[in-house]
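One chain follows as structure tokens, the form predicted on its own.
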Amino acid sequence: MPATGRYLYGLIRSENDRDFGCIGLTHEGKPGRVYTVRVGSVAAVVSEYGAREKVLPLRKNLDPHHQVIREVMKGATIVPMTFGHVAKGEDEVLKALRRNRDDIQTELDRVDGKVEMTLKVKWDVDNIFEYFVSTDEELATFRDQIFGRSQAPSQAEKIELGRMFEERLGTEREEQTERVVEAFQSCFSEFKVSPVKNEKSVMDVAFLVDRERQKVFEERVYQVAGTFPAQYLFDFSGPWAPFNFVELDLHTAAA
């Protein structure tokens, strides 16, 4: 009979054993029962899962993973595990909790009562290159110079135009990200800037915010957005578990 492992969703502080119901990843054909494995006041949120079964990043697995974390967040601060962690069994989870108890408590203290809020800003324009040309005289002059003559621009000139554009793009992103972070100083305890994923993205910033100041943060988004030109589109989401702020290295073979 295959060994039964434990899928790990995250770590919480709890003085009592807790049962979150059958909302976990599917095990033996049905949603797994999610509960805590505890050492003192430090607990891992787990459900049964095949110890040798690979956890594929499919929607049927990703959805319950995040659903469990959202459910736990309703009543506790959770240090979330990244998707796909499976321990060989409950004993291994207990050993990991004992071995890392102090580090886990320190991490829980750091994020206690806080949530992650994300803010993404993009340029809401049809053509990002033309937008920059319209706002940058030097870029516009060089573009007109190499394309406004009878002979086609050389490869070197095209490369130089692209370099100038990318330089302006990077500088604008840095300046506006710094401006936004400064404007939110009173709303967060930590922030992390993630790489943007497409050309029209200005910034992707995660903020660690006190849960009780979530509404203040949301109101601040609208206030700050109002100080930017109409071409800047602000979009925020949350609250999330503090995925971007976890610094804990859990020394366990459960991976």
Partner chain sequence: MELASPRQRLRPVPRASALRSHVSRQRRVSLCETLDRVLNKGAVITGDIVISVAGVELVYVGLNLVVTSVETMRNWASGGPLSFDDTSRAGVADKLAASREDTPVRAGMEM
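Positions refer to the first chain, counted from 1. In this text, all values refer to a predicted model and were calculated from it rather than measured experimentally.
The next section is about a form of this same protein that is not shown, the form predicted in complex with its partner chain.
- Shown alone here, residue 199 lies within 4.5 Å of its partner chain in the predicted complex, counting heavy atoms only.
- Contact between residue 14 and its partner chain in the predicted complex is not found at the 4.5 Å heavy atom cutoff.
- Taking the partner from the other structure, its partner chain in the predicted complex has a heavy atom within 4.5 Å of a heavy atom of residue 127.
- Heavy atoms of residue 226 reach within 4.5 Å of its partner chain in the predicted complex, making it an interface residue.
- Checked against its partner chain in the predicted complex, the residues 170, 84, 113, 75 give one hit for a heavy atom within 4.5 Å, which is 84.
- Shown without its partner, the chain has 218, 221, 222, 225, 226, 228, 229, 230, 231, 232, 233, 234 in segment 203 to 234 as residues with a non-hydrogen atom within 4.5 angstroms of its partner chain in the predicted complex.
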